[in-house]
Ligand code: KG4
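Form predicted alone, single chain, as structure tokens, below.
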């Protein structure tokens, strides 16, 4: 079964082909340079860029694989959560292809797709705990199958990725700051007492990173005001040691917090031996190392995508769609895009 995946939930326009659970090819157009001018994603510009890129990317993908639209068995599209205008571009394109080719349509939950992307390069095992850490979400799930997941905890304010980017901005790092902050952290000496581990004085699985961001802002004003480095910083070699130490301490605080909540989830589900780790922050080197060692110590396994598949991409959408179709599910043409802030309905129909 050949599935085309379409991703347009934010500022990446992506299309990918997955055949029988394996990635054949993918194309991607990033808008990072445009939005860097504004220090964040501008929804209207993002929508227009998706509209500009979608058709040409599809033509490139089909030509590269020597395929015709009629060769597609199904179209999987990210229906949400995301920026509504951006999602509408993708869902409209997917519906048009389905009408023109009679391919089946499957709407995909963007968040579930991130975690299922672990299966593109690894064999998945269920039940599994899923930890999604991205710019907009820090969520924990229990997966009973590829199409059956229950949310156990969520971000209450700033997600981990948002905290990385906002702290990167406070520290004068080039946008987006998360990747550069990770690189600086690897050059620094972490002080585990410098920043708090936020929202652990409870018994739930929710996250809150706004207080940690505030702690970083206070530290910058108090301790780093006299230090100087190029702003925006793009080259880690130009960073003073105190900046690297600050990044390392912040990085450690985030990873400690994420690990504590995962450990809490595994106490509730002691039979689970698999952790799925995904989202943009899953590319963080310390987080990958700690989760791998943590699960191995428990006699389990941490599965995560390669770094290229941690950020938004169409391969994860195509694969998640393939999983649902294999289980006998599809969507009809009444499929709606669902913006961030609303829950994604499980309104698949039997194919």
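All figures in this text were calculated on a predicted structure; none of them were measured in a lab. Positions refer to the first chain, counted from 1.
Not on display, but discussed next: the form predicted in complex with the named molecule.
Using a 4.5 Å cutoff between non-hydrogen atoms, residue 283 counts as a contact of the named molecule in the predicted bound form. Among heavy atoms of residue 134, some come within 4.5 Å of the named molecule in the predicted bound form.
Of the heavy atoms in residue 158, none are within 4.5 Å of the named molecule in the predicted bound form.
Taking the partner from elsewhere, residue 182 is found to have a heavy atom lying within 4.5 Å of the named molecule in the predicted bound form.
Here the chain stands alone, but in the predicted bound form its contact with the named molecule, taken as any heavy atom within 4.5 Å, falls in 134-142 among 218-226, 134-142, 98-106, 68-76. Shown here without the named molecule, the chain has 310, 311, 312 in 289-321 lying with a heavy atom within 4.5 Å of that partner in the predicted bound form.
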